[in-house]
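Below you will find one chain, with nothing else, as structure tokens; this is the form predicted on its own, and questions on how it binds or moves follow later.
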Amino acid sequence: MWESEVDGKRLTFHLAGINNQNFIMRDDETGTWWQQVSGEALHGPLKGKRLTQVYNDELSFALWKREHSRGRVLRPDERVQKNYEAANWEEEYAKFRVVTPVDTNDKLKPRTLVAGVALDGKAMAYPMPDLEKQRLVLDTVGKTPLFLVMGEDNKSVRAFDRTVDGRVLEFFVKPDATPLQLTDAETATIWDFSGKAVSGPMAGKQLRKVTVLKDYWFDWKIYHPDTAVYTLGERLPQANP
């Protein structure tokens, strides 16, 4: 998700095409073409500019509704509904040929779904199958101590800076808690999936959210060629594409 304002000017974007299964957007005002995944202007008068990222996360509807009981939902446009992708579009897209060479030494298959984090000039890819097994990962990306946690739906992933009031905390998933809850080792405060402290010494505190991009491995490493890979307690250097 990106801000639509560049150099103080509001731009209007439309879908112009697809590249590596990412949208290419075109703005009406300058005719510049923009890459969806990176926010970079690829062609046109604003080439080289980058859009400003807006925090967003990808949740299942059930989790989103729990957090926003009065939230509004964008309805499908019945006039063009026949043009929408089928409900099983992910399975169908998985059959497509990838656009990058496949390295036999690569630790991940091209269409492995990863949760990607980019901070402080560094990037880390967390394979979703590993997150499903481990549920919560403590890590440091660049200079930022953080953790990733997967919701009880085994689909929704969030990341948070684990520094609170200048102190780095260690977090754990609270056993048998429904809905999912976390606790930190230092104060035994209880935190919910939104990163808010709901009880204990730090009640009322909010962890700083870190943007996570769920992406296919082959696509993530195109835009983050120096990325590292996390797998169940160890980091693996990225295989050369």
Partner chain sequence: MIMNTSPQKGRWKFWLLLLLVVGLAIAMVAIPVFVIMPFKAQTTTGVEWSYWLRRFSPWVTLISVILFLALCVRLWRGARWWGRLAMFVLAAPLLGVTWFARQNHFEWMFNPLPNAAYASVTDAGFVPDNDMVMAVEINGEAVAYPVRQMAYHHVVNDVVGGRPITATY
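These numbers were taken from a predicted model, which means no experiment stands behind them. Rigid core: the largest C-alpha set superposing within 1.5 Å between the two forms. Residue numbers count along the first chain shown, from 1.
There is another form of this protein, the form predicted together with the partner chain, and it is not shown here; the text below is about that form.
Residues placing heavy atoms within 4.5 Å of the partner chain in the model of the complex fall in a single listed stretch, namely 57-65, out of 181-189, 57-65, 168-176, 196-204. Proximity of His43 to the partner chain in the model of the complex: non-hydrogen atoms within 4.5 Å are present. Contact check for Leu11: a non-hydrogen atom falls within 4.5 Å of the partner chain in the model of the complex. Mapping the unseen interface onto this chain, Lys214 counts among the residues with a heavy atom inside 4.5 Å of the partner chain in the model of the complex. In the model of the complex, the partner chain sits beyond 4.5 Å of every heavy atom of Thr231. Arg75: CA moves less than 2 Å between this form and the one not shown after rigid-core fitting.
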